[in-house]
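Next up: just one chain, as structure tokens, the form predicted alone.
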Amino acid sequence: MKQRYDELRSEAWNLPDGKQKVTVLEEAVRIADLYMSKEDAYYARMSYSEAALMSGFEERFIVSFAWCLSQFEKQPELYDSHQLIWHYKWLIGIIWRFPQFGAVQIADIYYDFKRMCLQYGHSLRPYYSKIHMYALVSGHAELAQTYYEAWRKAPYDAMSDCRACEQNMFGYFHLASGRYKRGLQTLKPILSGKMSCRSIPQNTYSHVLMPLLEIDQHDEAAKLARKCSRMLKGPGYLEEYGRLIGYYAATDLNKAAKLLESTAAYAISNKTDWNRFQYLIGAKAFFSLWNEKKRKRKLNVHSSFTSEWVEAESERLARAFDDRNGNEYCQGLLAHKVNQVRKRRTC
């Protein structure tokens, strides 16, 4: 069985992120659990966790990583603390995306990550970065500002995100706060091609499209939308697809329709509620315009993906996040984003 285990891990190494890679590593985990040591099972799960996360299966990552964290805490001397804390950083970056995790539970997880960073001699820069984002998307602007300032002051070390990811988040902080020109200026090193990584610039492109329309830079928005369309591939970019659909709903409804047809299945199957919510914002904006006229063309999407379902599901998710966060921020965000698209469409 050791030979089969090694073969599976070698096979997974050569596969691109996606369902096939996740399936191969699931089999390696099963073999390790049945026939091999706890250490083998641990490292098989760490590989599986990363593949699941990078392939868009964030809910599987959470379950797998929780097992690894428990095992690490029992015998930390057996495992690589840097790898474990890096995966823990991924966890605090996505745990808030599931409204079934309550505010107290999430706060405890962030506190434990902070404790572990201090225990193993790491900077709190990633802690402040991730908790700032959680505060920002939860509608707690003053708290987000406080954490943002602490993040900028904290020393950079090997546990920090890459420079491109950080620059992207710096810019997003200003864009989300309505400071479009400042946000775009902050993102200039990425937009000019000087900074990039695995998810940058495609994530950046999707964020700047509507702000560019808001300040009447239509040609720049169109150029970046074309680049973004070429770079997005697979179910791992559900949020970016949603923002791109919203942009095209405002500028080219037929392009929006084609993009929706090619990606709606991802939204139906995805289990991460925040990602689905972000996608459905764009879909709701699209349908609000598409349904205004009688159209001969019927959308080529699953029969369950109707404008009525999109409206109901987007509103349900907004309420679920707001109930967890103790405000009405997401319901307001949904209305604002849809109205923003409609406003730019009528200009």
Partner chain sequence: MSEMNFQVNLQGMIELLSKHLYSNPGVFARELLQNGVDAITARKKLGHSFEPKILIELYASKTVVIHDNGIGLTEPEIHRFLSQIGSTSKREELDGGDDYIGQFGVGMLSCFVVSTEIVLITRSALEGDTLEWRGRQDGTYTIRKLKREAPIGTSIYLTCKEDYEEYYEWYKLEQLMTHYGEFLPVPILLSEDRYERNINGALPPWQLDGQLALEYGETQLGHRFLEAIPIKSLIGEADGIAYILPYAVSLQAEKKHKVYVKRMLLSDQMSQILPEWAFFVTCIVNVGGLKPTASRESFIENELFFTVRDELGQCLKRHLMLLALTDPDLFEKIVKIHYVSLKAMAVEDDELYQLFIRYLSFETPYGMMRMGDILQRSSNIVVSSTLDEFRQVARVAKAQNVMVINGGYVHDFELVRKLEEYDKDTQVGVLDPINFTNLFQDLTASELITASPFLSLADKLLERFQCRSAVKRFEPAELPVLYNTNEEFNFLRMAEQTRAESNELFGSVLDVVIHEIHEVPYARLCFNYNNPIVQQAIDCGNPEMQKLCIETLYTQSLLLGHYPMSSEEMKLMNMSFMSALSIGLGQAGET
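Numbering follows the first chain given and starts at 1. The term rigid core refers to the most C-alpha atoms you can superpose between the two forms while keeping them within 1.5 Å. Computed from a predicted model, the values in this text were never measured in an experiment.
This protein has a second form, the form predicted together with its partner chain, left out of what is shown; the following refers to that one.
- Query: With the partner absent here, would M1, Q20 and Y48 each sit within 4.5 Å of its partner chain in the predicted complex, counting heavy atoms only?
  - Reply: Yes.
- Message: Can you tell me whether K233 touches its partner chain? I mean in the predicted complex, with a 4.5 angstroms heavy atom cut-off.
- Response: Yes - in the predicted complex, heavy atoms of K233 and its partner chain come within 4.5 Å of each other.
- Message: Under a 4.5 Å heavy atom criterion, is Y35 part of the interface with its partner chain in the predicted complex?
- Response: Yes, Y35 lies within 4.5 Å of its partner chain in the predicted complex.
- Should E292 be classed as touching its partner chain in the predicted complex when contacts are defined as heavy atoms within 4.5 Å? Although its partner chain is absent here, E292 would stay clear of it in the predicted complex, with no heavy atoms inside 4.5 Å.
- Query: Would N254 count as a contact of its partner chain in the predicted complex, using a 4.5 angstroms cut-off between non-hydrogen atoms?
  - Reply: Contact check for N254: no, nothing within 4.5 Å of its partner chain in the predicted complex.
- its partner chain isn't shown here, but in the predicted complex which of D157, E73, D216, E220 has a heavy atom within 4.5 Å of it? Contact residue from the list: E73.
- Message: Exactly one residue in E261, D112, E149, D80 has a non-hydrogen atom within 4.5 Å of its partner chain in the predicted complex; which is it?
- Response: Going through each option in turn, the one that passes is D112.
- its partner chain isn't shown here, but in the predicted complex, which of 224 to 232, 237 to 245, 171 to 179, 186 to 194 has heavy atoms within 4.5 Å of it? Comparing against its partner chain in the predicted complex, the contact stretch is 224 to 232.
- Task: Give, in sequence order, every residue of 54 to 74 that has a heavy atom within 4.5 Å of its partner chain in the predicted complex, or say none if there are no such residues.
- Result: Going through 54 to 74 in order - heavy atoms within 4.5 Å of its partner chain in the predicted complex - the hits are E59, R60, I62, V63, F65, A66, W67, L69, S70, Q71, E73, K74.
- Kindly check if the Cα atom of V338 is displaced 2 angstroms or more between the shown form and the other one relative to the superposed rigid core. Where the cores coincide, V338 shows only a C-alpha shift between the shown form and the other one that is less than 2 Å.
- Query: Any CA movement of 2 Å or more for R324 between the shown form and the other one, core superposed?
  - Reply: No; R324 is a residue whose C-alpha shifts by less than 2 Å between the shown form and the other one when the cores are overlaid.
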